[in-house]
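Only one chain is shown below, in structure tokens, and it's the form predicted on its own.
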Amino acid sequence: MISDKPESCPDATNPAVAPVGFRPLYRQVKDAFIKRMADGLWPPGFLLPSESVLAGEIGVSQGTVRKALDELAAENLVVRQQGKGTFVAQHDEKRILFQFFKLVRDDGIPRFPESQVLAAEVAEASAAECAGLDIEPGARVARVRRVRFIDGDPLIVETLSLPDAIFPGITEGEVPNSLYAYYSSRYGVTIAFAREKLKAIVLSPEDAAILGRPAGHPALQVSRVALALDGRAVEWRVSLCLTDDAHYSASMR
């Protein structure tokens, strides 16, 4: 049984693990591991040292390291592969599909959507974008508007707002379909968590025309703030989803 009582305190002079108030030791170790990911010391796909090596390096028990890694695995930040070791998770299509894309056809079979960019620009952030991204008035954002298809049918029209200071040049050239993988590979920004709000709405004439529905047709609005490993809000996405023959699917535990 792993105890939450610290068997020793991490060395405050060691940047790997610094004291962080009164919290279980394994959570301090977990935060230290997340910082290594955020700082690029452990990039996506990186094979972590063994639990015994990490424990010796940090100065804690192997059980404490294991408990920290257990939480990271539960949050899909690391992936354990039998016989190979523990790796920093990558934003491949399978992970994105099951962790972040929640619109599913009523047959229950998950499908990865295709996208068509309608517009992309860099502009001064609106008041709503400043609030969503927690940025100062006057800051600039990259704004991408696109429609997403499942089985060739347009089911989602969405607008993404990104801090231009974090993603310079993202609107120049082709905007890829799998953005979270692109954030990681080009900008070193890994999406770790997201907060969502759901609301029933009716479509405006413009959005309805894009989705092939009459104005006033019902839709589900999903507003998502995506957070990087260090807790920064790095994307605000507002998706308008048709649910005529699809539904929003989420798992809870």
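All residue numbers are counted from 1 along the displayed sequence. Here the structure is a predicted model, which is why all the values come from computation and not from measurement.
What comes next is about the form predicted together with another copy of the chain, which does not appear here.
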- Heavy atom within 4.5 Å of another copy of the chain in the predicted complex: which of D39, E196, E57, D31? E196
- Contact assignment for another copy of the chain in the predicted complex, among I201, V53, A215, L47, heavy atom within 4.5 Å: I201
- Would N76 count as a contact of another copy of the chain in the predicted complex, using a 4.5 angstroms cut-off between non-hydrogen atoms? yes
- Task: Spell out, yes or no, whether the shortest heavy atom distance between L69 and another copy of the chain in the predicted complex is within 4.5 Å.
- Result: no
- Hey, in the predicted complex, is L211 touching another copy of the chain, heavy atoms inside 4.5 Å? no
- Indicate whether D106 is a 4.5 Å heavy atom neighbour of another copy of the chain in the predicted complex. yes
- Message: Among the candidate stretches 186 to 194, 23 to 31, 57 to 65, 39 to 47, which one is within 4.5 Å of another copy of the chain in the predicted complex when only heavy atoms are counted?
- Response: 186 to 194
- Using a 4.5 Å cut-off on heavy atoms, what residues in 214 to 228 are near another copy of the chain in the predicted complex? P218, A219, L220, R224
